[in-house]
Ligand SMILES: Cc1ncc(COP(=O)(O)O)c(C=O)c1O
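Below sits a lone chain in structure tokens, taken as the form predicted on its own.
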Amino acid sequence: MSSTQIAGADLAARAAAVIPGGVNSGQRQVPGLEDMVITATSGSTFTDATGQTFTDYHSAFGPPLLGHNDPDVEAAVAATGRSLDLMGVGVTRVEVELAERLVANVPSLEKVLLTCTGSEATFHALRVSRTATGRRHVIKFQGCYHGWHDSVAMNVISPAERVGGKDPISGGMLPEAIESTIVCRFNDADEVARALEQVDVAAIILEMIPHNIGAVLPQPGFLERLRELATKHGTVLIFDEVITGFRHGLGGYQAISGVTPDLTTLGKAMANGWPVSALGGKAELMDLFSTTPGQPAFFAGTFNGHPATSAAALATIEKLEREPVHEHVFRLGERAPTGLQAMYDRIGVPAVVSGFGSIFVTYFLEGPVVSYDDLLRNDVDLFIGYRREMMQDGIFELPLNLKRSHFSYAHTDEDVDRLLVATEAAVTRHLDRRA
């Protein structure tokens, strides 16, 4: 074992001694990668404690759309930090400019509030929906993830026997919250219609593309029907664009689809990896928050609108506006799935390569893929196995079932060429090994 490997193993052991499980998020505890220690990130790559550098398609679950350590974003953060720190009273210019940019770009936003994480944004979206309607039930969809809070922390990657029922992802959740959440099948608007007829629902919340299970695309008419149903029943429609927002376009996927929700949550790619998120929408809903004195929906957070993270978001959006970021990542995102699908067809491996824009994923199953139910047929062993094999070739796609991969502005055509060759080799090696 080299000295760098020894140092990495030592650091992992030190982490395990003082951090439960050795990591600060449950999704970072990946079987087989328990001793992974990251020492550097740059552009489309990261380096671990063994000194190996990987082309990074995991991309921290998606935030660095521009690539790791983007110089323009980092310069904006540093410049802001030299002159302005957190005050916790009043407002700063950079918060105002960021809010103005968000409202200008995202169709549904009339007013917007800043917070730190996507989970906080979706929590407050549901809170204000319940405030506005006086109702307690909400609808979410199997396979969609909206954060850690009790109303939505259920029915994401569920085992077959839990699909169709309640599948909480954590202990300690309030039974009343679980009972108040109705889980529907994605792309099944008729099921939503039946639920709305039976129960007074405060909000419908969904990922427009459920990227937490890869890339299940909305069927034609599905989003439009949800808009119609929400309007008919006086239900707040919430689009969780924490992943799709800014990664798929300056206006989010709602601008692409032409369907406008009542509320939108944003995060991840909005600040290229810095911890900031946003909740915005109709003024009549946003004005119910206690940021307006005397209003009933409490909203607070010491780090909300932090100047440094606001500067990161503002710099990211400005770069998206002036440079061909989306053109570049969409082109790579077209090349890779097309090449991958052709390769799987050629070698005779049943696969559906799905994606949108810069996000792609291979499901090892016979299509079509319309809802989470279809993904129960995915060959999990092959999905995880080939990704582990890819690490031997210096390419990293997260080896967890159904997790998506991402292109950034820092990825190149040469990266796509290497990805196609390495994927075929990795899949072939894994299938030979288990034969």
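Residue indices: 1-based, along the sequence shown. Fair warning: this is a prediction, and the values are worked out from it, not measured in the lab.
We do not show the form predicted in complex with the named molecule, though everything after this point is about it.
- Across the options 156-164, 305-313, 170-178, 238-246, residues that bring heavy atoms within 4.5 Å of the named molecule in the predicted bound form belong to 238-246.
- Checking Gly357, Gly147, Gly251, Gly339 against the named molecule in the predicted bound form, a heavy atom within 4.5 Å turns up for just one residue: Gly147.
- Interface residue among Thr133, Asn187, Asn212, Thr80 relative to the named molecule in the predicted bound form, by the heavy atom within 4.5 Å criterion: Asn212.
- Not displayed here, the named molecule is approached by Ser119 to within 4.5 Å at the level of heavy atoms in the predicted bound form.
- In the predicted bound form, the named molecule stays beyond 4.5 Å of every heavy atom belonging to Lys140.
- Shown alone here, Lys268 lies within 4.5 Å of the named molecule in the predicted bound form, counting heavy atoms only.
- When the named molecule is considered in the predicted bound form, Glu207 lines it closely, a heavy atom lying within 4.5 Å.
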